[in-house]
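So this first bit is one chain, no partners, the form predicted on its own, shown in structure tokens.
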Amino acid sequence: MNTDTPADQYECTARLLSITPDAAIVSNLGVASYVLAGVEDRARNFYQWGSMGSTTPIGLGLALALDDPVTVLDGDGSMVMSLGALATVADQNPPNLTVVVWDNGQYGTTGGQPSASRTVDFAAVARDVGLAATHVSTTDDFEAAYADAVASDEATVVVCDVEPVDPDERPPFDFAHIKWRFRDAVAPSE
């Protein structure tokens, strides 16, 4: 049994991709996108650049438009910025949406300044607005919680405490390429 605490974001991301290899994934700017690109740069990854606070709303829109599973990889700082989006997710409740909040307690992309996540219980907020939500702190617990979330028939939030990382990897910096590649990957085949 893996008892690492907090969880390893790279290993959690790898396990997430193993559980849902065909999911459309929207990743927050910075560390969430860097780690996702480092684990596997794939056409169904929709990386955000310079759009803090919009990851979960973009994932909600995709989940409403697609039949495919949609996973959001948000960060704690971004989720603090867009906390109200959880109420809209609960109101729409698309069963194909799973929101993962990586909580490393800092703004990792801008130098590691402390985020306000220490003052917010994201899972409790999600439950208060009517969403199913879990808070985990180990890689194994994340894997189990994520598998349960994607098997659920309602939108679900998984908050995972992760060790801060400073990835060297970066997703492609060609915004138009990312948009078109993602669009082609999730478009219904004719």
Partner chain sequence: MAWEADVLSVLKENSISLVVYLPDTALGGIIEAVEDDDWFTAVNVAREEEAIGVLSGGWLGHQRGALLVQSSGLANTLNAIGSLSKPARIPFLGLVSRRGDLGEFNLAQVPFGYNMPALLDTMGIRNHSLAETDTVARDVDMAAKSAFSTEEPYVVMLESTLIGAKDEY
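Quantities reported herein were computed from a predicted structural model and do not represent experimental measurements. Residue numbers count along the first chain shown, from 1.
As for the form predicted together with the partner chain, it is not shown, yet the points below apply to it.
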Checking 144, 165, 124, 65 against the partner chain in the predicted complex, the residue with a non-hydrogen atom inside 4.5 angstroms turns out to be 65
Could you confirm whether residue 179 comes within 4.5 Å of the partner chain in the predicted complex, counting heavy atoms only? yes
Exercise for review: Answer for residue 130 alone: is it within 4.5 Å of the partner chain in the predicted complex, judged on heavy atom distances?
Suggested key: no
### Query
Wondering, does residue 58 line up within 4.5 Å of the partner chain in the predicted complex on heavy atoms?
yes
query = Using 4.5 Å between non-hydrogen atoms, is residue 95 touching the partner chain in the predicted complex?
reply = no
Within 4.5 Å of the partner chain in the predicted complex, heavy atom basis, the matching stretch of 132-140, 45-53, 154-162, 30-38 is 45-53
